[in-house]
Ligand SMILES: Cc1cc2nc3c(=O)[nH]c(=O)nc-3n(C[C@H](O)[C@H](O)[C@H](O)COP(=O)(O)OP(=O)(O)OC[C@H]3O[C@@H](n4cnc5c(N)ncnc54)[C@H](O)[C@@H]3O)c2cc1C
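The chain below stands alone, shown as structure tokens; this is the form predicted on its own.
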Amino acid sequence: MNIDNFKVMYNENRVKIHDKQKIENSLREILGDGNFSSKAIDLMAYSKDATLLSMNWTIEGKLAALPDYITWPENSSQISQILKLANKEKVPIIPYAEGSSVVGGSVPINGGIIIDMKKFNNILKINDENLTVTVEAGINGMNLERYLNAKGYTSGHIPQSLYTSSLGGWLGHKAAGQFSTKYGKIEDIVLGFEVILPNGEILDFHPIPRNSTGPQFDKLFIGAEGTLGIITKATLKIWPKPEKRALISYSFPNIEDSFAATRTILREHIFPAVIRIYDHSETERHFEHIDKAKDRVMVVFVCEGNSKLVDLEEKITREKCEEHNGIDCGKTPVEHWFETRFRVTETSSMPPYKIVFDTIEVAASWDNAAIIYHNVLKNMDTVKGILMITAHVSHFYPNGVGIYFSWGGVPPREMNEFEFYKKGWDTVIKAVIEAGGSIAHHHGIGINRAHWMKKEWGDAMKYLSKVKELLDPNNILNPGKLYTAIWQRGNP
């Protein structure tokens, strides 16, 4: 296979490696032949993640970016040695979980060495007294949850990518699962972890429920997208499997009433494990078979846990929904959600029809959530070529929500697909910032949001960059993410 026949979209960012054979020989010495590859077929396999634009490029015979080497280390010592080598030779390192990032988090835009964590897949220990599990960072999410379920537990962390993501990716991108309203997000669930710094030093943050021993240095690595260190194992909270589950659904006249109902439920310190609001368009698409949801906004709830507590949560949830013009739609919509919750066929079916499609999740406080929702829809309607813009809300707090927009369209003649893609993204993010929201809720920054980081962080951005410079002075770990406005360089 000749890689030269493919156009590499981010080729201009590659770091020049002057003695590739020297690096290859060193990696083989560290890993052995079976855990290393520079074959074209392997380089192509790691050229992209699940960023939706890259699917369009693949169909067109283009590659998002190309690494130089692929590695599959088996222990922390090997990763430490690889990082020391990379620092010495100034070679980029891209930590790779399962490639399910949808923002370009693992796209090797500077080339370099992929460190695939798939061999870090051991479940090390369950501690029933502490209600914890210690696992290696490469463990597949569904494999972990199945193991826990068989032992009578749940992690409570069930992202839509459960089948195609790993613990390392969750920690790197600050992931949130479908049951997060009850169990929390990954930063609430993790208690301690081992991380390898860019210089190869190994740090171990002891798992503890809480301490008062200075700033939370360990939290710097959660959500850092592999730019500050590589997490190799972690200790997580777990829970006994719930003894009862209540399935509830209500439809509302508009998004405002659905927000009011869910906000007042949480205000009572009632936390259904799952709450999902679907706007009018998504309700029509997903629940067209529910007569009581016609021309309305569907909300599904799942309450679970101790049976007495579930009964109380269900009672208050129903009361608040009915106080805010909700109509009881029964269990069927929730059962439908359970049946379809891991299907992502819409995203994969668009590229063959030359439709540019993506999803963008943002965060909002309650007082600006409806404003953000309407601003995004209004502004996207002005973009030439946009065919659809819809939203659902899947993460809830007493103080606000995470809103998830889906949009798609066909570039007008005066734009190429990449320009149109950027236009769609920038239009959504501008509308969110103008209304006082945050540019990301749980997918992270990657490439797509890097140029908005300074707007999000303000003057603090320069100090965040200094942390990167201090820990990674040679900028070897996942360069071009978080701290680099890659889109500002123009079209690839």
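Because the structure is predicted, anything quoted here is derived from the model rather than measured. Note that residue numbering follows the sequence shown and begins at 1.
Heads up, the form predicted together with the named molecule isn't pictured, but that's what we're talking about next.
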query	finding
Proximity to the named molecule in the predicted bound form (heavy atom, within 4.5 Å), stretch among 442-450, 420-428, 462-470, 24-32	442-450
Contact residue in the predicted bound form, from 86, 190, 102, 255 (heavy atom within 4.5 Å of the named molecule)	102
Of 272, 111, 229, 156, the one that lies within 4.5 Å of the named molecule in the predicted bound form (heavy atoms)	229
Non-hydrogen atom within 4.5 Å of the named molecule in the predicted bound form for each of 260, 326 and 372	no
Contact flag, residue 410 vs the named molecule in the predicted bound form, heavy atom cut 4.5 Å	no
Partner contact for residue 175 in the predicted bound form: the named molecule, 4.5 angstroms, heavy atom	yes
The named molecule contact in the predicted bound form: residue 333, any heavy atom under 4.5 Å	no
Any non-hydrogen atom of residue 135 within 4.5 angstroms of the named molecule in the predicted bound form	no
Residues in 88-123 with any heavy atom within 4.5 Å of the named molecule in the predicted bound form	95, 96, 97, 98, 99, 100, 101, 102, 105, 106, 117
